[in-house]
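Okay, here we've got a single chain as structure tokens, the form predicted on its own, with questions on binding and movement later.
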Amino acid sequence: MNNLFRSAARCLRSGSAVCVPRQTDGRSQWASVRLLCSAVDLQKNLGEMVKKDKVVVFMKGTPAQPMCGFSNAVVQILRMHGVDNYAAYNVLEDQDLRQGVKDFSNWPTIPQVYFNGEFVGGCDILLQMHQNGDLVEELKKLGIRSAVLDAEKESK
């Protein structure tokens, strides 16, 4: 019920909702109309969020304190490549964001990683890219030199 009120308030603040009073079983339907509005706004906002930074991660917790092993693995892989400057969004703080990002990407799990606004995948895909060397190439396309290359030079 809290999410419903929060969503309705968000739409009211944005001014983008239209109230259509309708009675069904003695209950007003205005809240569900506002929830739909909020979902549309959230999808638009997500589209902007993933394009804001070169690397964006939707995760459980924060890079400093991941709250699940998969989110921690993504943070560690990025750290191993020297990627410290990225946008991270804690989906545990907002259930609308948590479900919204899953709908946005059509991907059922968290964490989710985006490069230049494009969905890359979750923990398993980032790990696979790290293991087969694709991550170094993708970071290069973003203008990010992987620290793994420097580590390889030093070991030779």
Partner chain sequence: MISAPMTEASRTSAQSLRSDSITAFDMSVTADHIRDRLIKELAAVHVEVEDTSPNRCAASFKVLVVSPQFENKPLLQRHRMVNTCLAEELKEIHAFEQKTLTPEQWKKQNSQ
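Values in this document were obtained by computation on a predicted structure and should not be read as measured data. Positions refer to the first chain, counted from 1.
Heads up, the form predicted together with the partner chain isn't pictured, but that's what we're talking about next.
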(request) Select from the listed residues Met49, Val120, Leu97, Ala88 the one whose heavy atoms reach within 4.5 Å of the partner chain in the model of the complex. (result) Val120
(request) For the three residues Asp41, Asn45 and Asn116, verify that every one has a non-hydrogen atom within 4.5 Å of the partner chain in the model of the complex; reply yes or no. (result) no
(request) Find out whether any non-hydrogen atom of Ser105 is located within 4.5 angstroms of the partner chain in the model of the complex, and reply yes or no. (result) yes
(message) Is Ile77 near the partner chain? Define near as a heavy atom within 4.5 Å, in the model of the complex.
(response) yes
(message) Considering non-hydrogen atoms and a 4.5 Å limit, does the partner chain approach Lys54 in the model of the complex?
(response) no
(request) Tell me, yes or no, whether Ala73 is in contact with the partner chain in the model of the complex, where a contact means a heavy atom of each within 4.5 Å. (result) yes
(message) Can you list, in sequence order, the residues from 123 to 143 that come within 4.5 Å of the partner chain in the model of the complex, counting heavy atoms only?
(response) Cys123, Asp124, Ile125, Leu127, Gln128
